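For reference, the chain that follows is the form predicted on its own, supplied as C-alpha cells.
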C-alpha cells in the first residue's frame, strides 16, 4: 500500500468532472445523517456538549461546574441553579472508498461521449469510458462538494485490499490530489484482483479515529452476505455510509447478439457462449443481486444509488444529494 500525492494536469483532471456537473452540484451541501465528530470549526453539529456556538438545553448545576454558564434568568424564576449547554460546531470528514478491482475496468461507452469535451481517447489512450472512470467522476463530485463547504475529504483506492490513499484534508488542492491518485493508479497499477469488501472495510475502519461519512463506489460484484457483514461493521462503528453501485449499461441489459468468447476480468477463464441463450437467466440473477444489495444497505439505514455509466453524472447526482438533504432536514425538524 502506498500513499499517492501525484496531481494530473488540469486538462486531464477536468475530464472526470464536466464543468456543467460542477455547476449543478456546487449549490448543495453534503450532510451526514448521523451526528459527526470533527476536528475543526465547520457547519455540522457535534454530539458533545460544550459551551460555545449554539444553545442546546439546560441542566442542573453540580459542584465544580463553571459558574460563568449559569442561567440567572432561570434561577430568578425557579430559585434553582441551571447551566446552559451548547452544541459545538464541527466539520464533516468524508472518506471515499473507490473500487479498482478488475471488473471495474469494463466499459462499453465511448470516452468521447462520456467526457463531453470532444476527447476521443482517455489520457492513457483508452477509447472506452470504464466503470472506474465513472467511479472517479463520482468521487471527484463528492469531494468537490465536501471541500466546497470547508470540510475534509480523503480517498481509499481498493481491490482485494487497500491499494492507495490520499489523507483527509480540507485544502482545496485535495480535489486534484484525489483525481490524480485515481488517474495515475488506473494508468500505472491495473489489477485483476477481485473485490474483498470485508478485508477492505476492516482496513479502512482501522484508520479512522473519528466518525465519518463513507462513500463506497463499486460495482459490488461480491457475495451479498460478505457485503452485509462489512456494512454491519460500519454501522457498529457508527459511521454513516452512501453506496453508489456502478454498472455499465451493457452489463445491465446484456443485449449481445452473437456467440463470442467472454473473458473475465478477475482471473476467470474465457468462455464461448451464445448470449441470447443465457440472457433471461443472466438478467434474473443480476436483478436478484441488485435487489439484495439495496435491501442490505437500507436495512442499516444507509443511502443507496444504482448508477449507469451511460447516464450523465450531474443531474442524477444533484437530485440524489438534494433528496438526501431533504430527508435529513425532515428527520431533524419533523
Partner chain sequence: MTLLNPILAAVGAACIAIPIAIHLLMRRRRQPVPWAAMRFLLEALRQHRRRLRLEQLLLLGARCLLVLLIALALGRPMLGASGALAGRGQTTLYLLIDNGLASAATDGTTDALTRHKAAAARLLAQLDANRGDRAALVALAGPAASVVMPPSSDLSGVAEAVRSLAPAQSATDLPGGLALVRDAIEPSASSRSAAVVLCDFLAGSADVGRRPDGGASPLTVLASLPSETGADNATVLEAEPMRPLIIAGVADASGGGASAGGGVGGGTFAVRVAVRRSGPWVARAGATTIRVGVGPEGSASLGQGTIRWLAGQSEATASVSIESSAVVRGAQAAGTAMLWASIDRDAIAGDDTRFRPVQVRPSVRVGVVSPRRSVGRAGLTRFEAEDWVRLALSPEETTARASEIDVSEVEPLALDAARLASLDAAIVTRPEAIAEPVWRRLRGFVDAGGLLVVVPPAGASVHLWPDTLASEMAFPWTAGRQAREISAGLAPSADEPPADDLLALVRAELPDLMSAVRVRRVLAFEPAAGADKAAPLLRLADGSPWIVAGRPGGAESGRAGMVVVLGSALDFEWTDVMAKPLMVPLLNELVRQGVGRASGAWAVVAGTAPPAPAGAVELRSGASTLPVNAGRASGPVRVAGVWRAVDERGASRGLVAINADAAGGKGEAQARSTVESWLASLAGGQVRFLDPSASLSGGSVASGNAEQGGSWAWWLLVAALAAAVVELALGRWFSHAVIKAEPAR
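As the structure is a prediction and not an experimental result, all values here were calculated from the model. Positions refer to the first chain, counted from 1.
Although it is not shown, the form predicted together with the partner chain is what the next lines describe.
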Only one of 196-204, 250-258, 160-168, 231-239 has residues with a heavy atom within 4.5 Å of the partner chain in the predicted complex, and that stretch is 250-258
At the 4.5 Å heavy atom threshold, is residue 264 in contact with the partner chain in the predicted complex?
yes
Is residue 301 close enough to the partner chain in the predicted complex to count, meaning some heavy atom within 4.5 Å?
no
Report whether the minimum heavy atom distance between residue 60 and the partner chain in the predicted complex is within 4.5 Å.
no
Contact label in the predicted complex: residue 143 to the partner chain, heavy atom within 4.5 Å:
no
Answer key: of 175, 185, 221, 111, within 4.5 Å of the partner chain in the predicted complex (heavy atoms) is 221
